[in-house]
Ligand SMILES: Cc1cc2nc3c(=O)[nH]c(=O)nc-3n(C[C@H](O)[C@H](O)[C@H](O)COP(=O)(O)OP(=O)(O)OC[C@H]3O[C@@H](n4cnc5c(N)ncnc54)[C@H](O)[C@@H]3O)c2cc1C
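One chain is shown next in structure tokens, namely the form predicted alone.
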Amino acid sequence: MGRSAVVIGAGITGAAAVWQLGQLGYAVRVFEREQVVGGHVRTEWMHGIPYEPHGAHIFHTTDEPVWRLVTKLADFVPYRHRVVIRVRGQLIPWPIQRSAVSQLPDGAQLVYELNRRPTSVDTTNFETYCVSLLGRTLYDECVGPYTVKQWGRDPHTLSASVAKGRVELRDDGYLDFFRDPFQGWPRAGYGMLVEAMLQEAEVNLGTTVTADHMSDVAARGEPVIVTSALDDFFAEPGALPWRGVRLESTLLRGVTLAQPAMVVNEPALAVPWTRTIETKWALDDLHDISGTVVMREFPGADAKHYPVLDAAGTNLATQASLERRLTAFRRNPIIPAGRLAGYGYINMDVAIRRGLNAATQIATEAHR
């Protein structure tokens, strides 16, 4: 009998694990709660125009093997992501450039604050980190209110890790959001990439699997990769707090592109949404087509989009306890992988890498 494995979740991590297991000679059965694969990365289309119901997803990586894999399975087109933020009635690049700050109303005062920042960042919490990086006024106008909207809580209760890699001050004129050497966007959307990874697997849609269902979906001793959130896997909703977003999509006819970049951040508390997203920016060959789709992103939805990494570390401690319970599960070897199962905010390349590594771990342990 050939080797087999089970993967719970058909998002991008689960799909990557399935693909790698197939390469290693495993027959794989996949169980996905929703009626469609792709999870939060799946792209939708309206009149031939792409939009993303779970927010903007930009593929960028320094992991060349992952880049080779995704570009082998899907047609990627070049795309360098840019973001702007509305500050004092003007749109300036995000991350913020010092040169843009000086051009704002009362920019001289803002630059004065920047020149008086501490020599090192304060990692006590999210707020101290950002204030030490941007100065108090820029933080209060660009980051503080956005964070209150996004997370629904006081920024000082969040871990500084939430800001690292996402909030910075630049002085080099580099306007692309990411600096990674490999960047692009799949011409047919991310759903097609996920489907390509799942092509050889048995995929069961509309099937929720928890720890209590192991005997129904996996033979004793059969390896299992879990990519669902662990509070869901143990049927303990609410054990881990998550923050979700809701997107409202609007088709604008007779407009080629409606905004100056794919993403426009709206930090002001008077604006109920946090940002607008125009996915059409990713595909140059659509720029001559009339019509576009703009999405407004509203925070506070009942969805597992972002883990809440609190400054006290309480939620990560809960996650660690759930992971220990996985290790203690004796009937099947279970490996958690991905954003949901790892309770972390990770980029797509890392999600794929963790799926690949989980599959490789299964094969390695089978040979011991």
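Note that the coordinates shown come from a computational prediction; the quantities given were computed from them, not determined experimentally. When you see a residue number, it is the position in the sequence shown, counting from 1.
Keep in mind that the form predicted in complex with the ligand is not shown, yet the notes after this line are about it.
Among the residues 308, 69, 49, 58, the one placing a heavy atom within 4.5 Å of the ligand in the predicted complex is 58. The chain is drawn here without the ligand; in the predicted complex, the stretch among 265-273, 201-209, 133-141, 90-98 whose residues come within 4.5 Å of it by any heavy atom is 201-209. Within this chain, residue 358 is remote from the site of the ligand in the predicted complex, having no heavy atom within 4.5 Å. Residue contact with the ligand in the predicted complex: residue 8 places a heavy atom within 4.5 Å of it. Remark: residue 64 does not count among the residues lining the ligand in the predicted complex, judged by a heavy atom distance of 4.5 Å or less. Heavy atoms of residue 21 never reach within 4.5 Å of the ligand in the predicted complex, leaving it off the interface.
Taking a 4.5 Å heavy atom cutoff to the ligand in the predicted complex, none of the residues in 91-123 make contact.
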